[in-house]
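Here's a solo chain for you in structure tokens, the form predicted on its own.
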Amino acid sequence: MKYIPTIGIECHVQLCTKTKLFSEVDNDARGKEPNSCVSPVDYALPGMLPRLNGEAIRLAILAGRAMNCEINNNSRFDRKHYFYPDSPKGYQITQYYAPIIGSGYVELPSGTRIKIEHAHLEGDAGKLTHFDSYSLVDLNRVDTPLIEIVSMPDIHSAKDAHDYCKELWRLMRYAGVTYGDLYNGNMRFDVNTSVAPEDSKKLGTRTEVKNLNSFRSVERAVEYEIARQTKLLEAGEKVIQETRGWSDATGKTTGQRSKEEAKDYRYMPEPDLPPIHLTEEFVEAESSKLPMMPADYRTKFGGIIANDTMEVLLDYPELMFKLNEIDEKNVKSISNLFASVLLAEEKSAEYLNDLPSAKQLNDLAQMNEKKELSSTAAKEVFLRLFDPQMRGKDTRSIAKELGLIQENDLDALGAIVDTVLAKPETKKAQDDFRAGEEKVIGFLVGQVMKESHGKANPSAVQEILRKKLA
């Protein structure tokens, strides 16, 4: 019997606000000591009341628009009751009955659309670090503002699950709503997987693999769950609805606890926060601040940048924003330098924070087009544009300082060629070329390059040599 997998994904996106969702505490705990970014509100001390961070509302609007979602003018917060050791309140402030972000969709590079059911705002829990005989609690992450994005069960392969998570990561970073640092948990994926017979009208029993933080882990976990559940069903056994953990080391999921339903959380309206009312004018004003999205760049540069190169560069919003600033005729050559030279550099992550100006890049592309720079020289000048000592200098001045500008004056090149042809050591090569041995032209070009100290344009040199040896 053939089994069809169905996958739905919940993605938690940490918003990059300066302060937390319900208190005026530093929201960026990266590199900070445990329990150093906390307040009485985060500790849930008696009498401490939450105060809503308005910036989180603005970022939620941008996130929703990035996913082609409706923004609900009226939303509210609710309490989701459960006890976690890293959640002092004993409940989570979230949105259940009236979330801020409504339905929409994410379009994958393949053209497949994955529908978004909704996305809601909520405060994160803390973090537990487990040791052999004890665990430690870090509350720095408590009430970090999150949007939880809930997809419809529209995904039917591990590959599409991977691509959906990656495209979602891109959308959130382009929209500027998150740092997008997967290693530090800025985005985490909970993956619900079920399998059912091909002719079944009902979905199978699902399992949820929690807190995945890489696209590859999402793909591997889905592959494993599809295989595991299919094997159970083929053996006549039942799949248990449960939460499971994933191990990159073993490549397996393991059961953790039974999976709760919504009724188990005893949702109730949050009494300490008023409802959110957004005017249509405010929503539209914030929505207009959304920059170009990956799909927009695919459309704009689709006939200019090769698909493979495009999908590499789309992982770096800074590079796409810069390509959008330069002249369209130069996009192809500069995009190739970004992909093949910049991203191969050990310091590429640092370089992304301070890219060359559009004028410097346009000038470099034009010098390359006019063959004033060899391909090797163009790469060298390109990398020097990132040198702090070269800040403020124009591209041509940098190329001159490095002695990399090619000689294109045909009269001057002709004189250098004559000098080389007059040398006794090139006579045999000249005779061999006239006798039909094409490969010796490379030797003669090399001699001219040597005579010109590497400044001659090789293409022009070869053309002159062929005419003089005809």
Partner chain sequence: MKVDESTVKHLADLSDFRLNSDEAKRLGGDLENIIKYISQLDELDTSDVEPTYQVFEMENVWRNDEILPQDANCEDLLNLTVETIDNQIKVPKVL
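Just so it is clear, the model here is predicted, and its values are computed rather than measured. Residue numbers count along the first chain shown, from 1.
A second form of this protein, the form predicted in complex with the partner chain, is not displayed here; the remarks below concern that form.
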item: Contact residue in the predicted complex, from Leu203, Ala306, Ala227, Leu128 (heavy atom within 4.5 Å of the partner chain); value: Leu128
item: Listed residue (Val137, Ala98, Met367, Val239) with a non-hydrogen atom within 4.5 angstroms of the partner chain in the predicted complex; value: Val137
item: is_contact(Glu270, the partner chain) in the predicted complex, heavy atom dist at most 4.5 Å; value: yes
item: Non-hydrogen atom contact Pro274 with the partner chain in the predicted complex at 4.5 angstroms; value: yes
item: Exercise: Phe282 in contact with the partner chain in the predicted complex, heavy atom 4.5 Å; value: yes
item: 4.5 angstroms heavy atom contact with the partner chain in the predicted complex for Ser39; value: yes
item: Heavy atom distance at most 4.5 Å to the partner chain in the predicted complex, all of Glu107, Trp169 and Tyr183; value: no
item: Stretch in contact, per heavy atom within 4.5 angstroms of the partner chain in the predicted complex, of 296-304, 79-87, 369-377, 338-346; value: 79-87
item: Residues in 6-24 close to the partner chain in the predicted complex, defined by a heavy atom within 4.5 Å, in order; value: Thr17, Lys18, Thr19, Lys20, Leu21, Phe22, Ser23, Glu24
